[in-house]
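Coming up is one lone chain in structure tokens, specifically the form predicted alone.
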Amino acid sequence: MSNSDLKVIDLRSDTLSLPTSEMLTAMAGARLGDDGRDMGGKGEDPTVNRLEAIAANLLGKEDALFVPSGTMGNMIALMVHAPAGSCIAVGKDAHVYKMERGNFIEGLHGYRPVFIPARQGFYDPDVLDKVLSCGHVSLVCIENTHNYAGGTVLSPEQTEIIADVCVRHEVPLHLDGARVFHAAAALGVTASDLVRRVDSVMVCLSKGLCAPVGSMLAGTRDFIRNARGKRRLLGGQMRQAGVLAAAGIVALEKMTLRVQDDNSLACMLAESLADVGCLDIDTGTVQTNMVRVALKTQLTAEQFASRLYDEYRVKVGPVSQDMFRMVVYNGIGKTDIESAAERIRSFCKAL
């Protein structure tokens, strides 16, 4: 069999996950209404309202809001918590800063980043304390799992340390929890344990939870009431959104129970490639469904990824000049991981 006949194994991102058959069935039979018509802080779509109640309960918050994307969810949180143009404490490698740059563009919201030193997403509490004591920061943002640290997790204890500093200075704390259920599975705790001390949290229903569209923003009732208004301003108000919310319900009720499978397979992949000479993998940082790989070759990450796909039909995601990542999600099984590892080893051996 030629390489061109090999099954493509796509490890670029868990955004590639597909809705399950149960999701598609639920979407087809969803009860619908107009979610854009506000009736006492909730819309008129019964399936969206049910999704929001399930999310709030799972996250231990008073209320939740269904939004089209994680980027919009984080943006809304910033808009509710912080006046336009104010300072937000964030890590230099935080996804909300590095990839969702609209928040920090002058002429849009114009937020000004105040960078806090971090190790795998955990801020130096002494530095954070000094920064907040100046009184010019309106919001602190953290991330769990931390994308650019390779999917590393913050424990409830670490989040509590950061939250204590925020409370001392009366500054709200927002969590970009796009993959917080993967973090909870890795730590053997519940998602509500991880978000108990934050004032607001955004969670993606897509990515590792397989829904086709959507994220949840959760917090107090007053926060969500304000967030609903901001969602309208950003063009995120939806109508018969129960079609999408139905998949989100399956994501929260069913797919959150299987994410440890992704974490375990990512660990298996990292360990199977740890001794490959041209790859540098810190297996200690492989805590959830991501594997970050630094290259020890003359190829750039883009060149490595292009040739690996052309020759062995494995897709990986370059994240910098000399680094790529591999992400495990529903639809990538043990056989795929074993095959991908074998092909990558063969490719590296031939370099």
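Sequential numbering from 1, following the sequence displayed. Being a predicted model, the structure only gives us computed values, none of them experimental.
What follows is about the form predicted together with a small molecule, which we do not show.
- request: Work out which of Met202, Ala247, Ala185, Val90 lies within 4.5 Å of the small molecule in the predicted complex, going by heavy atoms.
  value: That would be Met202.
field: Partner-contacting position among Asn57, Ser306, Ser69, Ser320 - heavy atom within 4.5 Å of the small molecule in the predicted complex
entry: Result of the distance check: Ser69.
message: Using a 4.5 Å heavy atom cut-off, which of 173-181, 111-119, 76-84, 128-136 contacts the small molecule in the predicted complex?
response: Selected range: 173-181.
- prompt: If you check in the predicted complex, is Asp262 within 4.5 Å of the small molecule, heavy atoms only?
  reply: Looking in the predicted complex, residue contacts with the small molecule do not include Asp262, since no heavy atom lies within 4.5 Å.
- prompt: Does the small molecule come within 4.5 Å of any heavy atom of Lys230 in the predicted complex?
  reply: Lys230 lies outside the contact set for the small molecule.
message: So, Asn147 and the small molecule: in the predicted complex, are they within 4.5 Å at any heavy atom pair?
response: Heavy-atom contact with the small molecule at 4.5 Å: present for Asn147.
Three-residue site Asp34, Asp45 and Arg50 fully in contact with the small molecule in the predicted complex at 4.5 Å by heavy atom: The answer is no; none of Asp34, Asp45 and Arg50 reaches the small molecule.
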